[in-house]
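This document opens with one chain alone, in structure tokens, the form predicted on its own.
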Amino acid sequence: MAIKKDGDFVTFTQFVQAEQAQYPGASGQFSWLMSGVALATRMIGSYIRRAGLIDVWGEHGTTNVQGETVKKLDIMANDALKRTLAYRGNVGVIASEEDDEPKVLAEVDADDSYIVMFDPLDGSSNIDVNVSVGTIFTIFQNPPDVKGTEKSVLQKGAKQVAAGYVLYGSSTVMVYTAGRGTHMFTLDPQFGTYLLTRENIQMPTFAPQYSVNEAYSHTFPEGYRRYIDGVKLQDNPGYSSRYVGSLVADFHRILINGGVYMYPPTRSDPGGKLRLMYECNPLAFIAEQAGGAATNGKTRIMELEPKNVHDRVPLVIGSIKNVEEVSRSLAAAGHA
């Protein structure tokens, strides 16, 4: 793919435009949409960097549709995405983890109409202790033959047009895919733009590393407990456990270094805890484009049929051989 460079740099906008040029008749509307997502995440990153200086720490005093306590930064991040996408003119519907139901932004032409779904601030409970957090987004085409806002967003993950996440850490990075590989961009604070820093990321096929909240392991189904016990055996040395408690941060480490991330069902959440549409689908798309895999323990994540915009599912995601290892343990215990 030929990309026009500014000196030695490739900006996120240039990269998306070059990808879009691969499709005859492309109108340029998709790159305009993605510039809105990039702008919103730069705004969110600015809020996070100033969190101790402006009044954004702490709780907002409300709960969201998930029953979770809303943080002040949750509201600010949600508003930033809504505002920037509303001005793009080609986003027909948005759906946010923080909102009760999808919202129609505008009546737009079917050929240039998109659905944007997002978790505006994943891991926001970690903000007050200065742990990395993130934004997750996914984009679908708005199907012209489907009537009804909620029905239009209930699409399999396999139909995603693009997906990505932004990790607000020691640097701000955006990881993005539109089905032509997984790529990473780093925000240059001097110029205020995302620059391509890693192209066609390939996740290691195996790494002796797992990420899971073991404090709840006594409530996991037997297959997960067998897997965790198995990797700790003395004759199976070398495995390490790494868990931050912020999904984007935990997944980003797996993407770069390999291994497996698990969020199993528990007694209190037998159907899983993570959201299929806002979290699991976009991360599964990214993982598969990087050579990894994602499953709910039985089925490929991107083949799951959503029944509700806020559906929750278990998640096993990461290096393909690690995911297969977990799947074998689940099958042996009768869970698959």
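Note that residue numbering follows the sequence shown and begins at 1. Not measured: the values here are computed from a predicted model.
The following text describes the form predicted in complex with a small molecule, which does not appear among the structures shown.
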query = Pick from 43-51, 30-38, 275-283, 302-310: which stretch has a heavy atom within 4.5 Å of the small molecule in the model of the complex?
reply = 275-283
remark   = Of Gly92, Gly157, Pro204, Gly123, the only residue with a heavy atom within 4.5 Å of the small molecule in the model of the complex is Gly123
query = Between the options Phe140, Phe137, Tyr263, Tyr168, which residue brings a heavy atom to within 4.5 Å of the small molecule in the model of the complex?
reply = Tyr263
request  = Answer with yes or no whether Leu247 is in contact with the small molecule in the model of the complex, where contact means some heavy atom within 4.5 Å.
outcome  = yes
ask   = For Thr219, is any heavy atom within 4.5 Å of the small molecule in the model of the complex, or not?
value = no
ask   = Does Tyr243 make contact with the small molecule in the model of the complex, using a 4.5 Å heavy atom cut-off?
value = yes
request  = Could you confirm whether Thr193 comes within 4.5 Å of the small molecule in the model of the complex, counting heavy atoms only?
outcome  = no
